[in-house]
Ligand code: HSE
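Here's a solo chain for you in structure tokens, the form predicted alone.
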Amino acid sequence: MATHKKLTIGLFGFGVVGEGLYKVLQQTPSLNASIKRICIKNYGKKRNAPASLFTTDKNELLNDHDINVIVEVIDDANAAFEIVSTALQNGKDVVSASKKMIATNLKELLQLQKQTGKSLLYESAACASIPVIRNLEEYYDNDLLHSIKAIVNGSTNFILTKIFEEGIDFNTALLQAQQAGFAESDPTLDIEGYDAINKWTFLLTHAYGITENPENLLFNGIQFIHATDSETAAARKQEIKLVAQAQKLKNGEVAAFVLPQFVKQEDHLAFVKNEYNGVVIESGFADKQFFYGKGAGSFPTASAVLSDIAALRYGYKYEYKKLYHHQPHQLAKDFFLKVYLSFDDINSIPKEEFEWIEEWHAQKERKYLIGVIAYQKLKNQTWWRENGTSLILLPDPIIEEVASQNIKKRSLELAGVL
């Protein structure tokens, strides 16, 4: 019987996740893994672990020949990249939870893994307790993966749940998310969609072989959602969620974005409340599969880190099959989205940019319209993020092609817009 590799861990970071991992490892002696050193920024804080474990010198971990695994759970993306790249070059396997670091340095990290032959695992960087990366990597073949829709940010989902189910205001809901340890130290990363798009960037690599920088994808958060939007959602028997979506088009390209979206009450994602995450995968013959689990918090994230540590005992690596063994998909740019816009001033909305407008409600103080607009127009323009404008996608928002200009003009006339 093969013996499992003994893992000696150097841990960077002892915040919510780091401490959670320390506790979890103490309760799982069968893993044959132990923490030798923990690198922290300063000694000042009281910590629930022996003082002899801690150091502020990263080289004590990176240059220690006994340490064969570096686990990195800090929130400074630049420092994290330096730690991870040095560790790989020093012949150590790495487990990381830093989504921004992975998303913004993905191409360099892929190259480093090739050069060094070492393993970099980061299941905990997306969806915490849900094993979505390994499932996309191992289970779903590129050609059969039709679409993925997901709630990948527990903090925004927690806030939206509180707003819509308990009727509390945005700032109170955000404060509760921070107090519960679900929101990032800088909450704008969550509420403006940066955290979600970072996760989506590398999930697209494991799903479709796409390697793209986060800023090249269309995204927004929940910061502009207005109280009247929730009334509209309720009237339609729908909810509002921050949804990450990727869908293969007829031409083989993949439409991908992260935006607020109306979700029907019977949709799997409507079931995902509070800090939970959910992933709906649609494939060629299996129809829809739904993954559900906690997406934020100490132990859910630590459990994903633990699962990566366990996998290293068997020498597990991501093979990036969709990137290296298939023809990678291209990111689509030429498609259309069905959107709801609410706003105070009609003059701030460039109506002529729409292919057509289906609904138009201008009688109240807060006005809204529903129409179809080219993806590239949203990607290249900023008006929909300004002047208190709220943009939310409709369910099934992707339209691959639209009719002629005459229909567009006629629909605008009928709506009383032109």
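Keep in mind that this is a model prediction, so the values were computed, not measured. Quick note: we count residues from 1 along the sequence shown, nothing fancier.
Keep in mind that the form predicted in complex with L-homoserine is not shown, yet the notes after this line are about it.
Heavy atoms within 4.5 Å of L-homoserine in the model of the complex: which stretch in 309 to 317, 293 to 301, 112 to 120, 223 to 231 meets that? Partner-contacting stretch among the options: 293 to 301.
Non-hydrogen atom contact residue 202 with L-homoserine in the model of the complex at 4.5 angstroms: No, no contact at 4.5 Å.
Although L-homoserine is absent from this view, report whether residue 259 comes within 4.5 Å of it in the model of the complex, heavy atoms only. Flag for residue 259 set to no.
Does residue 152 make contact with L-homoserine in the model of the complex, using a 4.5 Å heavy atom cut-off? Output for residue 152 is yes: heavy atoms within 4.5 Å of L-homoserine.
For residue 182, is any heavy atom within 4.5 Å of L-homoserine in the model of the complex, or not? Judged by the heavy-atom cut-off of 4.5 Å, residue 182 is in contact with L-homoserine in the model of the complex.
L-homoserine in the model of the complex - contacting residues of 84 to 114, heavy atom within 4.5 Å: Result: 99 alone.
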